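Here we start with a single chain on its own, the form predicted alone, put down as structure tokens.
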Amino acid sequence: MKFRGKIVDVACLNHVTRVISTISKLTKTCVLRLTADNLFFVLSGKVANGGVSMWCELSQANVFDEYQMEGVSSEDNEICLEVTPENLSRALKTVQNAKAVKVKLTKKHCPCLTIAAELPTLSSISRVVTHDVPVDVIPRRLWHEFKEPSMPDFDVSVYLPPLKTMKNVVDRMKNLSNFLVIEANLSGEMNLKIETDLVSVTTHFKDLGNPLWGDDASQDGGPSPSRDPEAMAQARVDIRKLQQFLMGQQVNPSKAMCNIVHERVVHLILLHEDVSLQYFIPAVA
């Protein structure tokens, strides 16, 4: 089992640092899945993390200038590691001006992702800064827990309003309630609502547009063609989990979408060039 990669392009280094920094805002620990072509950051929806799950995918070719990976075996050519994204993010942030960064799976006092950065210097002597980020190797028998989540059979899919605007609204609503209702329809409308004994507040967004899901993309999971475009699908969620998602955004997505399975789950998707981030928030009664 071997993994080593080298990043020379500063833009690639900044890019992957932003992605990992975003993930570090969403979860304390997650699984890094390395394959021949992709890197996946995975959080499976367990009760321990409130049922929230996450799937982030990026192409290794858009991150690394050199990439070598030998998995557990030729049949199972993958490596699964439990990582603390905050530690990875901190290490990468300290080497943003490096000439080259090498990332390698090593065995020190425990398994580590070792990040070695060659820093610019005025003399002929090279300066290398090394960070050892401890990881846990996930045994093969547990890999099934970290496969890509299937697209839920959603009732409504809508583009999100600007994330900064949405974050400002949710931040204010959090002062009034612990729960928020997200509702949307197939006419490009979305409402964020809170209701308590003392106050009822609704923020309306309109003309957002609705994504078109082809058969391949939706896995037959798209809205029913016979659904009334004005009919709202809704889910009541823990406002802190939505706020966490909005607070962490450093990916600047080109597309941001929300799928709602009525009263069951909110599925948020961010797309930006080679990166896709999916975040699932379960509904609460």
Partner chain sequence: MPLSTQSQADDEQYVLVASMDNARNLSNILKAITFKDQAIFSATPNGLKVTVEDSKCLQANAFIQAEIFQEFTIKEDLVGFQVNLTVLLDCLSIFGGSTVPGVSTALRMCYKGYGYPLTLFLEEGGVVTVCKINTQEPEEPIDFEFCSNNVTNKVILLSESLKEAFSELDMTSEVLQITMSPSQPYFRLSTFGNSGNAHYDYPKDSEMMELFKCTKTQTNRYKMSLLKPSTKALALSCKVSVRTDIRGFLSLQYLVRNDDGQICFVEYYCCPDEEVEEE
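Not measured: the values here are computed from a predicted model. Positions refer to the first chain, counted from 1.
Note that the form predicted in complex with its partner chain isn't included here; everything after this is about it.
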{"item": "Contact assignment for its partner chain in the predicted bound form, among 146, 213, 159, 205, heavy atom within 4.5 Å", "value": "205"}
{"item": "In the predicted bound form, the residue from 126, 130, 168, 73 that sits within 4.5 Å of its partner chain by heavy atoms", "value": "168"}
{"item": "Among 170-178, 151-159, 94-102, 133-141, the region lying within 4.5 Å of its partner chain in the predicted bound form by heavy atom distance", "value": "170-178"}
{"item": "Partner contact for residue 198 in the predicted bound form: its partner chain, 4.5 angstroms, heavy atom", "value": "yes"}
